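Next up: a single chain in structure tokens, the form predicted on its own.
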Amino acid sequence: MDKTLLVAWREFTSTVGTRGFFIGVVIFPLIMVVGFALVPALITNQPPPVRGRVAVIDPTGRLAGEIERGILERAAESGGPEGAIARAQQLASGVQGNGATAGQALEIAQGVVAGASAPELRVEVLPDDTDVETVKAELYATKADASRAMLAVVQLDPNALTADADGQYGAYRVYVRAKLDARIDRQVIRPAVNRAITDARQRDIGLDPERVRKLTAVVAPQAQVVTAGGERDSSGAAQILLPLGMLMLLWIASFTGGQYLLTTTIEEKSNRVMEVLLSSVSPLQLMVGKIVGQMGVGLLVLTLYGAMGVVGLVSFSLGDELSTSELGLLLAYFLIAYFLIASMMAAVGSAVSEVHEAQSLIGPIMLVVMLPMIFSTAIITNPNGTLAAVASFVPPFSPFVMVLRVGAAEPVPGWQVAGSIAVGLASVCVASWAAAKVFRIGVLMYGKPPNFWTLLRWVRMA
């Protein structure tokens, strides 16, 4: 036992004492934090300068003028200083609560948007009998003058304002130029056409569109989460990001130790250091010591990143989203995931002499372990569905599935938590047993690297 612990301590210190580990575990998160802080300041939601024509074909004969006015107004608001300042005026009262006056907020907004430029759109109303295909051909035609380029074609249905025999109204179609900024379509053209059609329909039945808009405009309040520490705004994003964060934390922590275990085993074997170590300890002691030592590395990563995550939740007043029991289960599933991955890495590392030789053996297994990431959205939105429940009992990705379920909003039945841990522990025992047999044979074998079936044969032979 003492020799195993000595091997474990040597493995741990030789890993965490390297410059690469420091850069990967400490510097990289700092870069990410700085990046997240700077990126929002560098991103603008203003559309790029756009110049061109928008064609409108209106068989109803009543909507073209209103659509033209709506498009031009929304284009001016989407990127121009006037629209941005108008929106700042509406929000200025809310800024006063943070210690700034409305005038100061407006002054800031004016400075930010001083260089903004609105899209320069020109709306052309075409006759009803216009050949649509001919107009659509202009969408991919090259124009020497960018202001003459056709950007979009809006074609209204003849029954856009009158219902047919079944009581169904028509609508419209929009054809756009390739690589046109999607915000021009979503925020300028479609809202203008939608409002023109709905306003005309309301007027046809004797309603005042402006009054209808005021009657139907309801500012939905932000839901308040009631906790023992008080109330806070509800965060729907946290319900998605928390389980994803737990999955990424488990993935990084378990694979960090597993990857170091693979590389150190291969290096020691290729440098013949393994032979020196085996003169003092048995193959089983060496393997167990290396796995335990790298487990310490994984726990260190889990602790550092987990602490950063908890501090982040608390700083955003979301500490109640994560319970102590969830942290305990995260630790339990980390141990299961790590020992499964470490057993695989130790077996493969002992069987090959070069890192590139291990890729063909590890690649298929890595693809299987990545399945929880692929289906993460489906599992988070339906944590007690058939897919999530079945996958929770299928190693090697059961621990990754369970952390998604545990972090989701819907509670997981206790028997499934206990059953997944039992299955995980059983799979760890089987994986460790198989890895020990492969390690004992492969650690002193050199030459042609084995394939997957050779490893299975070693398990039966040893």
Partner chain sequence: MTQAISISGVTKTFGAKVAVRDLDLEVPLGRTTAFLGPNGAGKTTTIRMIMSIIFPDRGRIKVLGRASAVESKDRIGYLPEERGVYRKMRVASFLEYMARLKGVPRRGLKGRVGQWLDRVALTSVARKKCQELSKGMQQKVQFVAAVIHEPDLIILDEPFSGLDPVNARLMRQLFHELRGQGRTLIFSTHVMQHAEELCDHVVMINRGRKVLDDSLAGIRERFDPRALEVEGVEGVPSRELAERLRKLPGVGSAEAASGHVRVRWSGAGSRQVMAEIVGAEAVRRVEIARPKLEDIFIDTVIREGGMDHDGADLSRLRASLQDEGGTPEGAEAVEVRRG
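Computed from a predicted model, the values in this text were never measured in an experiment. Residue numbers count along the first chain shown, from 1.
Although not depicted, the form predicted together with its partner chain is the subject of the following passage.
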{"property": "Answer range among 263-271, 371-379, 124-132, 199-207 for contact with its partner chain, defined in the predicted bound form as heavy atoms within 4.5 Å", "result": "263-271"}
{"property": "Partner contact for L367 in the predicted bound form: its partner chain, 4.5 angstroms, heavy atom", "result": "no"}
{"property": "Contact of V310 with its partner chain in the predicted bound form (heavy atom, 4.5 Å)", "result": "no"}
{"property": "In the predicted bound form, L444 touching its partner chain (heavy atom, 4.5 Å)", "result": "yes"}
{"property": "Contact label in the predicted bound form: S279 to its partner chain, heavy atom within 4.5 Å", "result": "yes"}
{"property": "Proximity to its partner chain in the predicted bound form, single hit among E354, E73, D164, E275 (heavy atom within 4.5 Å)", "result": "E275"}
